[in-house]
Each structure stands twice: as structure tokens, then as C-alpha cells.
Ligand code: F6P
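Coming up is one lone chain in C-alpha cells, specifically the form predicted alone.
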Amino acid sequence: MNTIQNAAWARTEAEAARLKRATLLDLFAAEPARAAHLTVSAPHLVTDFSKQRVDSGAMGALANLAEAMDFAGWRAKLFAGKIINTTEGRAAMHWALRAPDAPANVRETQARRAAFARHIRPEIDAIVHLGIGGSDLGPRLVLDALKPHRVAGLDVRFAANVDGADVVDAIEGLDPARTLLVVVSKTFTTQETLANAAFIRAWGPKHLAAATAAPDVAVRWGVPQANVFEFWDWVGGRYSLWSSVSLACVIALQDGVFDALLDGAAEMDAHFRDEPFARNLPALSAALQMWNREALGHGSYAIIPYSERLRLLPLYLQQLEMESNGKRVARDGSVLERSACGVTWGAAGTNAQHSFFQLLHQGVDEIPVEIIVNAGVHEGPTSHRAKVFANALAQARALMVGRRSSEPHRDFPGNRASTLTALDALTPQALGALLAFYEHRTFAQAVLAGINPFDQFGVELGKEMAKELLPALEGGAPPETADPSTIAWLGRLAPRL
């Protein structure tokens, strides 16, 4: 880091040292209107940061840090299509997939997808979607979250794991003559996806389709040219749900729903692109994530959606955040002085309350909590809606105020930070805005840390070694470079195949 950046961090750390002596209740007493001052709105979202350990001095330091790290400059490069994935020499233009003035090739592919959806629906009862990582988590989340907007009678199954149980479950009870197999792989070389695809192709589905950045490879594999839907190398896997990766969503959702998802994301793009740091929800949220992690020393946070339809959001965010920002070197290859990413984890409330909230309330370490509620209409019994809201609000309050007791085991220390975000409703537009918010927050965190969030070399080494070990499990000799423990385990497992 340069002198200006180091000075900005020093100021941030000084503010954190000052506030470590203050309780959240002290901060409310000193600023009775902080709930209003620290509540920020963006398209379809409103977020209350007032239960975070910050005040005007801390927020000023974070704004200064964003300026020192050239947040505005990097944001401009993102939306100008500049090469900001510096290690791979690529732009990061996932936002263009939902832009009102999307490139011509994007619009053409969108039109082809919509036409294919209308054509194929009468011919199928089920879709089997095969992908892994970003080719799986996004579409899975979208279809789960937008279940009320699904086409009636059309089943969608997902398989990602190379464990054969996943593909066996995916085709159980289906008629191959009425099934569409969708293979999603950017390079069409992903080992797990192609192994699963070969198994299901042999089962004999009548219809094949693919989403890939290597269409020629998909055609050689056997997918009809007309059923191959392209996306491009400027679309990273965990940022790709807006592309043909979500072909199954386009088919399984009612006409216009996926377009509405794109529209909501585009609204958040405009907010992130145009709003200054002080009113920019993704940027402020990113700064407070880094504040909790690097200034206050909280190494993880829990994401708790009080919405069953968003139950897969924590799993989705694990990949988005930790695969993007789980780095140890800066853009120039120098070793980072601070971490760039914490541990993301969580589950849907109220289930989570009966699982790990014991740790959140009474564990030794403070773990900031991010709570999300759907402020719109809910499915199911109307009386349940108030109960969901009551639990979400109560948990945020209980984390902050605690409860003193003369019995140590009943003592709640309180003074634990949380953020509360509300969607105006769980509509396709709001879901699009929410997911785009998290994408931009992840990018903003990377800017503050000085890293490239768009490569993922950390996932490669283990996969490469798996390819080296596979022949030994299939009757060959162990690699000469294998260590004694691995050789011993090859000896134990190979005879069981």
C-alpha cells in the first residue's frame, strides 16, 4: 500500500480503537436519531446499519479509506468494460447481461433462449440441470426463491456433485422421452459436470441443450447446434446466473419473469454506478464488512434470511464472497497485510435460531449477523407473517441489549452487532436487485482490500491433483510425486472400486 492508503487505514484503526470502548446502547444514547441516519435505501432494499459499532467518525474514516483505495476509479473501470480481471486479462461485464442497452450478441441470445423456452415447454415434463459452482448455485437459488412464478407441472432437478447419488436422484422417476438435459460448463471440460452428463446422456433423454463459452465443444459432445446457448469469457462463473447458465430458469419460470429479474438487477447496477459512497448501499455495506473484520477483528459473519424462499442464499454467498475475495495477494502479487475476506455462513431463520444462535448470543467470539426480511406478501397462513417479523426483530435486539443474570449460564452479554435489510417484496425484480447488491458489495470489498475478485486460481490445485490420482484408482500406478499418506490411502481405496 502507498502512504495515503496506509494513512487511511491508520485513521480507520484509530476510530475502531476508540469505539471498542463504547457499547451499542451508548451509541444510541449519544445519537438518538442514529436509526434514521444509518438507514440507507436502494432499489427494492432498505438496510439499517444502526446496530453496527460505528458513528460519524467511523463512517468518515471509511469514506476516506474508500477514496484512498480509489473506489470511484475502479467502479468506473468496471462499468466501462476495462480489463479489471488483471490476472486473466479480461473485463468483468456480468452487469452488461442485464443492462437496458445490452450488447447485440447478448440480446440475440436472450431472444433465442425465450423462443427455445416457448418451443420446448410442451414437449417436456422435466429439466435436469447439470453444472457445478457458479453454474449450479445461482440457478438453483433463483428457481427456489421464485417458486410461485414457476410454470405449472414442469419439474426441475439439479445435480452438481460427482458422487453418483446426485445424478441417480436427479433422474429418479423421470421419463427420458419427456426430459430435457441442460449441461452448463463454461469450457465444457469440467470433470464433475461431464461425468454426470455422460451418465445421464446414456440414460437417454430425448432433448439436449447446453450453456457454454465453448459452443463448438458442446456440439462435438452431441448437443444440437440450435440448442447451444453461449455466454462469454467476460462472465465469471459466480457472476453468471444472468446469462445462459440460467437456461433452465428461463424455461421453468413463466414468460417475462426472468426478464424482470434482470430488470431488478439493472436497477441496482444504476444505483451502485451513480450514487456517491455516502449513499451507495453496496459500497457502505462492503466498508462495514471490512470494518468488522479488519478493524474490529470479527473473522466471520452469519447471513440469516428470515424467508424460506431465500434459504439457499447463504450457500450462494459462500461461493460469491469467498471464491471472489479469499485471496492472500494484492493485484500486483504482493502479500496482503490484512485479510480480504471473512468466513460467510448461515441458514434460514427461524430454523437457525434452534441451531447455532446459541453461539451467536453466548459464544466467546462476537460474530456480526446480517438479517434479511421480506417486507412484502408472504405465502401460507397470514398469521405466520407477524411471527417471522417478530423473530427477526427480536434477534437483532437481543444481540444488542443482551440480558444480565446472576446465573452465569443465563447471562447474555449483548453488545453484538447486526444489520437488518428488508426487501420491499420477494418479487423477481427485488430478487434481482438483492443478488446484484451482493455482487457489487463483493466487488467493493475487493477494491478496499486491493485485490482482484474475478479470478479463482485457488480452486485449481486440488482438481489438478485429483486428475493425477485418478489413474491410480483405476488400476494404474501412483504418481511418483505422491506423498506416503496419499499412497497408503490409494492402496486402501483402490481395491474397493
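All residue numbers refer to positions in the sequence shown, first residue = 1. Values in this document were obtained by computation on a predicted structure and should not be read as measured data.
Quick note: we don't show the form predicted together with the ligand, though the next part is all about it.
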item: Proximity to the ligand in the predicted complex (heavy atom, within 4.5 Å), stretch among 390-398, 412-420, 365-373, 182-190; value: 182-190
item: Residue among 348, 296, 340, 132 with a heavy atom within 4.5 Å of the ligand in the predicted complex; value: 132
item: Candidate from 139, 237, 305, 282 lying within 4.5 Å of the ligand in the predicted complex - any heavy atom; value: 237
item: Proximity of residue 467 to the ligand in the predicted complex, heavy atoms at 4.5 Å; value: no
item: The ligand contact in the predicted complex: residue 456, any heavy atom under 4.5 Å; value: yes
item: In the predicted complex, residue 267 touching the ligand (heavy atom, 4.5 Å); value: no
item: In the predicted complex, residue 319 touching the ligand (heavy atom, 4.5 Å); value: yes
